[in-house]
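One chain follows as structure tokens, the form predicted on its own.
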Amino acid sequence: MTETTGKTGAAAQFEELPDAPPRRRLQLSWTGKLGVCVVVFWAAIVVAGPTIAPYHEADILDEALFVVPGSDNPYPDTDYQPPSRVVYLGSDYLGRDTLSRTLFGARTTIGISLASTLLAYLVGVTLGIAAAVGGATLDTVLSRINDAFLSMPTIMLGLVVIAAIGSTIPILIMLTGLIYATSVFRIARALGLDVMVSDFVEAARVRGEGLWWIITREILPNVAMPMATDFGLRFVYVILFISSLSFLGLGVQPPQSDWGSMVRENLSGLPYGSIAPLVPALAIATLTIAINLIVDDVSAHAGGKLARRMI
């Protein structure tokens, strides 16, 4: 009888507390909307790019396409051709269409980056929330293991692993996802610990709710917005990481195109005025800047609190 009365009194203590903070509608400024438009554009290119490309990414164009009527040169060079009706953005160092390779490379670069970021979040959020709710021992073990991986430079770790086991798309996705899962773990754990000491979580415990209910109904909904904001930043970091590996020759292997390798392959064309290395670099810049505009806008509407949590 006394135990029942005690539980009733504890429940009464929290009965006036809300179940969770009220959700606010997200509103973007014009810069955020501009970023959304650019991201939607590149998402459409990922879906339709290979279909609308004038040529295949591996096609080396025939010399006859560049013959100028009345010219004395029946065999013109196909490499580093300037923009024309044949190649709208010029050709690369092997005489391949830069526009077509950029459109094909969008699917490769963005696809690998998105898959890697999703893997990083699957691993990082799962382990981060487990550390936040699993007690001091589990938290200490997972945090120290995570700190050990965080102490290794990402590029150096990527170079060592790829040099040892080779470079394929599945390996790139697994490697990049596990590397960036360490950063996701830290922010997921921090957010989870903040929510676990909130009044509405205490109220749920007093009501007799189980741990799984608290995770799915209280913790995850309240960390969704900051984690979504961080997802944009991680996606940018992963794009730059994949592009850096490809620039060093250890990422996506030819003849498959991606933006990082396109920049590296065509650097020799800059002295000749070729825009072949500039087009993929501009593609990387527009996508990453657009995502940063969205992330900054969302963070600003949250009073800057999200930005201070980013790692």
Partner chain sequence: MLLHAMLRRIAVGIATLLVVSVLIFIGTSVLPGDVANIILGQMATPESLAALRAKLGLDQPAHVRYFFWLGNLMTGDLGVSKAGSGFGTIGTPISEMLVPRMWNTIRLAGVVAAVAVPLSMALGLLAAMYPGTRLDRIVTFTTLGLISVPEFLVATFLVLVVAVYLGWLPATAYMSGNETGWQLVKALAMPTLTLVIVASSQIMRMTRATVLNVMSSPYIEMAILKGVPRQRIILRHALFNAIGPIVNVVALNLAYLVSGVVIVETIFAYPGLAKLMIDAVQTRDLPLVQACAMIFCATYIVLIFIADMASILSNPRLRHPK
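Keep in mind the model is a prediction, meaning the values are calculated, not measured. Residue numbers count along the first chain shown, from 1.
Only in words, not in the display: the form predicted together with the partner chain, which the text now covers.
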Report summary line: Of the candidate stretches 124-132, 210-218, 143-151, 102-110, the one with residues having heavy atoms within 4.5 Å of the partner chain in the predicted complex is 143-151
Requested in this report: Examine residue 166 and determine whether its closest non-hydrogen atom to the partner chain in the predicted complex is within 4.5 angstroms.
Outcome: yes
Requested in this report: Evaluate residue 257 for contact with the partner chain in the predicted complex, applying a 4.5 angstroms cut-off between non-hydrogen atoms, and reply yes or no.
Outcome: no
**Report entry** Contact flag, residue 250 vs the partner chain in the predicted complex, heavy atom cut 4.5 Å
**Finding:** yes
Query raised in the report: Does any heavy atom of residue 155 come within 4.5 Å of a heavy atom of the partner chain in the predicted complex?
Result: yes
Report summary line: Only hit among 281, 53, 39, 46 for heavy atom within 4.5 Å of the partner chain in the predicted complex is 281
Report task. Could you tell me which one of 159, 206, 174, 138 places a heavy atom within 4.5 Å of the partner chain in the predicted complex? Result -> 159
Report task. Taking only heavy atoms into account, state which residues of 260-276 are within 4.5 Å of the partner chain in the predicted complex, ordered by sequence. Result -> 260, 263, 264, 267, 270, 271
